[in-house]
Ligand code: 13P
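Okay, here we've got a single chain as structure tokens, the form predicted on its own, with questions on binding and movement later.
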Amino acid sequence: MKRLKVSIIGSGSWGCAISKIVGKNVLKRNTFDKRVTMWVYEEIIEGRNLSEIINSTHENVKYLKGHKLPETVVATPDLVEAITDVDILIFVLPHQFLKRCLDTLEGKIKSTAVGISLIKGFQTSVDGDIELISKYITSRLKIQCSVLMGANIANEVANEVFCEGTIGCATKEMKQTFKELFETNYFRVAVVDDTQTVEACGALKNIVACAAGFSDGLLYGNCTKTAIIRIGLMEIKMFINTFLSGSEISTFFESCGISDLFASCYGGRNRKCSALFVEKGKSIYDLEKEILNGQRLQGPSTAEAVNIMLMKKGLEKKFPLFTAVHRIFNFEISPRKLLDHI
């Protein structure tokens, strides 16, 4: 039986954390080729190429310092080389860079390949509507694309702290294969059919995490923050029921739903930077540069994309928390007015 070749498109903290899992799992199963390629956006670190550092030391010293990657994971700065003859493409890069990535890959993917997106965000169309990342990948590359979402903070996954993930599987044939590729004794994976809800929860929870961060920055306490989380969960559910069809209520109780929401509202970079936004009064873009070491936030850009569509459809008042978060980041209202608007 031909072994499936796997490629990871992205090498940030989450990409490297998942590479630790995938790189070890391919050794345990005859299903997979023993070499996993990982595309690295090339940077110079202390005079050396980042891809060279990863391949020689098996460590991403910029984005996941202190964690050894399996020797099965081979870094390359050449995106086309990373996906040549690959059967499973794992997309794990900031959604802001996805279009440029797909521009390079279009027409170069095996027709039998499948994708799985770990990207938490939306793609925005020219007319202001938003599109699920998995659907965008499918339309551009002509491959089926599943999703993996959940309460997965990169450093905790890399430290092998027990956590869970949810795979929304686009094809029944890949359910067991994906489970074998991603599941470990510390990373429990549930596979469901409700791909749209899994993915939308992963994107929208970042907006709520920003609101929770505002609350923390204002020292409002846990009662206020849990109220914000409850309101946010209701808006997530309403958004999915309004704009997506066929959601299952049970999906909200998977890791991609309430678990990811709570994890992001009590930890994670969107909450942290939003709290600092209140405390320091700086723009979110300045804070990204100061404290994220080259990584990007998903919450503010997702809030902007959602707001553009809500404004276009006249539905801003129906989603007051989503709308307020966007307006706060744009300095249209003060963070102290958050509770007045929700």
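Start at 1 with the first residue shown and count on from there. Note that the structure is predicted; figures quoted are calculated from it, not measured.
Form predicted in complex with the named molecule: not shown, discussed below.
With the partner left out here, the named molecule still marks one of 220-228, 82-90, 198-206, 166-174 in the model of the complex; by a 4.5 Å heavy atom cut-off that stretch is 198-206.
Taking the partner from elsewhere, residue 298 is found to have a heavy atom lying within 4.5 Å of the named molecule in the model of the complex. When the named molecule is considered in the model of the complex, residue 190 lies well away from it, no heavy atom lying within 4.5 Å. Using a 4.5 angstroms threshold between heavy atoms, residue 151 counts as touching the named molecule in the model of the complex.
A residue is said to contact a partner when one of its heavy atoms sits within 4.5 Å of a partner heavy atom; residue 270 meets this definition for the named molecule in the model of the complex. Contact with the named molecule in the model of the complex, defined as a heavy atom within 4.5 Å, is made by none of 235, 323 and 326. In this stretch, 112-135, the one residue having a heavy atom within 4.5 Å of the named molecule in the model of the complex is 120; the partner itself is omitted from this view.
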